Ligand code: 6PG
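A single chain comes next, written as C-alpha cells; it is the form predicted on its own.
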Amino acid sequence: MKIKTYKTKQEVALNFSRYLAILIAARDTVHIALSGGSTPKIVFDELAANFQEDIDWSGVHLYWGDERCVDPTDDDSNYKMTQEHLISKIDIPEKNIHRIKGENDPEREAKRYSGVLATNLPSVNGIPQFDMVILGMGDDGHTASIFPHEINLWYSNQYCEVAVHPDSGQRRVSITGQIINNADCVVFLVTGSNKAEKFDEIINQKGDYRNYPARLVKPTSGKLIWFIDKDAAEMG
C-alpha cells in the first residue's frame, strides 16, 4: 500500500491524472471502473482540460463501480456527472462506455452488469479483472456503494449487488469485494477534513475500523494507492 499526500484537491487531481496517463500509455487496452463524487469530478475536469494530448482514449474502456438507481439524466447519476465533466470532452469511442443502467430494475441490472463484466474483462483468478478500480470513501467509511450497515454485501459471491443508502433509502447497484480486490490496481481518491477520522482509523486499525467497508480493500495484486490531500491525512 502507498499513500500519496498532496497539499490541495487540485494537486491530488493533477498527480492522479499523471499516474493514469502513464498506465494507459503502457497498455493497448485498459478497463477502468470509475467512481462518483466530488473528488473524481475534479479529476475528470483535470483530465479533460490538461491531458488531451497525453492520453489516447481509443483503447480505454470505462465502467462504473457503482450507480444510483436513477435515470442517466438525473443529477444524482454518476454517469451524468462523468458525461458532463469527462466523456463529452474527450475523443473516446461510444462502444467503450459501459454504464450501469440506473433506470432499469435494480436486481435485473445488477445481474446484467455482472454479465457485462464477465464478458468484457479478462478473467484472472477465475474472476473478471479491471486494470484499475477508482474508489472514494464516505465519511462513514463506505466505499463504492457498500455501506457499513450492509457490509455483508462485500463478501457476496455475485459480481454486483443492489445496495440501499442508510439515510435516503435510495437503491444503488455496486460492484462487490471480489471484483474490487481482484483488480490489478486499486486507487482511493480522498479529500477533505471530513474524511480524516475514518482514514486515520483505517490506516492505524483503531476505533471502529472493522465496521468500515473501505478497510476491506486489499487487492490481491498488492497495488493499493491512496491519493489524498493534507486535510484528509490529518491524523487524530
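Counting begins at 1, following the sequence as shown. These numbers were taken from a predicted model, which means no experiment stands behind them.
Just so it is clear, the following notes concern the form predicted together with 6-phosphogluconic acid (6PG), a form of the same protein that is not shown.
Engineer: Taking 4.5 angstroms as the cut-off for heavy atoms, does residue 78 touch 6-phosphogluconic acid (6PG) in the model of the complex?
Structural biologist: Flag for residue 78 set to yes.
Engineer: Residue 176 near 6-phosphogluconic acid (6PG) in the model of the complex, any heavy atom under 4.5 Å?
Structural biologist: Taking the distances in the model of the complex, the answer for residue 176 is no, it never comes within 4.5 Å of 6-phosphogluconic acid (6PG).
Engineer: Against 6-phosphogluconic acid (6PG) in the model of the complex, would residue 172 count as a contact residue? Criterion: heavy atoms within 4.5 Å.
Structural biologist: Looking in the model of the complex, residue contacts with 6-phosphogluconic acid (6PG) include residue 172, since a heavy atom lies within 4.5 Å.
Engineer: Spell out, yes or no, whether the shortest heavy atom distance between residue 99 and 6-phosphogluconic acid (6PG) in the model of the complex is within 4.5 Å.
Structural biologist: Output for residue 99 is no: heavy atoms all beyond 4.5 Å of 6-phosphogluconic acid (6PG).
Engineer: Heavy atoms within 4.5 Å of 6-phosphogluconic acid (6PG) in the model of the complex: which stretch among 130-138, 85-93, 153-161, 113-121?
Structural biologist: That would be 130-138.
Engineer: Any residue of 1-37 with a heavy atom within 4.5 Å of 6-phosphogluconic acid (6PG) in the model of the complex counts; write them all down in order.
Structural biologist: 35, 36, 37, in sequence order.
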